[in-house]
Ligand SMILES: Cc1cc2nc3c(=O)[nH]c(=O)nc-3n(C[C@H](O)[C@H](O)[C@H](O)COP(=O)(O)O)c2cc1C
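What follows is one chain in structure tokens, specifically the form predicted on its own.
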């Protein structure tokens, strides 16, 4: 058998996704000590035992071996900075980090996904590591998603959706639908996101078609009526000559006659200022909606929406195309 390559072995182990913990204790002078560890695991329910391992080269090994107690903090997905902080050596990791002491003197952090205060029950040799088994004497949990580590990178836990076993979402015989009806969900999300902008537009006497025309002309100035109609065909909001006449009379757009004799439109200064205010309100709603997702979920959600748009109508012209 050929010798095992240490780097490849580590990479292979990295394929096993783990949670991320910070384990804390105190040294012989009572000073707080802590390290980031992903080797945490459960051992027994009765008695309640957990284990983790620490490299024999770690500066804090003596403290963990002699203190008699330690605490394991399972980190939440918003605690990457803490994980990085306690993974480093040679600094006061606890400086500026809120913590308090257990009755045994172990430093404790709040707002973790879970926390286990342990009495050191057993210690075992484990090659270049020492395996520490702790008997849990106190614990608590919080309703927060845990931080994960896989393949050398942090990951976010994501709950998978259950298979839909509710049956059809639409009953055409009774003209009813459920809350899982995709068209309903998409439409409701659109209306809720765009409500502040719609209210502002109504105050100005601006219709949705006029707003769409302003948006297009801000991206591509100098469009004719036929070009505006072609680009807005997929919205069901087709501008008519009267639409552009109203916008011109309001001072939102200006009109020039092209060399072919066809009117060409572009936004005026007033039109651009109104559009900026509308977009600012839209951005506020976008930011509010984004608060419901983690950065990873948000990136995936946008990707799903782009895929849906391309799937339903790949021939729709890009807003940015000429």
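Positions refer to the first chain, counted from 1. Being a predicted model, the structure only gives us computed values, none of them experimental.
What comes next is about the form predicted in complex with the named molecule, which does not appear here.
- Annotation: in the model of the complex, residues 192, 235 and 301 none come within 4.5 Å of the named molecule through any heavy atom.
- Partner contacts here mean any heavy atom within 4.5 Å of the named molecule in the model of the complex, and among 289-297, 66-74, 31-39, 267-275 they occur only in 31-39.
- Residue-level contacts in the model of the complex: of 183, 226, 89, 123, one residue has a heavy atom within 4.5 Å of the named molecule, and it is 89.
- Between the options 177, 149, 204, 139, the residue in contact with the named molecule in the model of the complex by a heavy atom within 4.5 angstroms is 149.
- Of the heavy atoms in residue 258, none are within 4.5 Å of the named molecule in the model of the complex.
- Residue contact check for residue 55: one or more of its heavy atoms lie within 4.5 Å of the named molecule in the model of the complex.
- Interface residue remark: residue 129 is counted as part of the site for the named molecule in the model of the complex, having a heavy atom within 4.5 Å.
- Using a 4.5 angstroms limit between non-hydrogen atoms, residue 254 is distant from the named molecule in the model of the complex.
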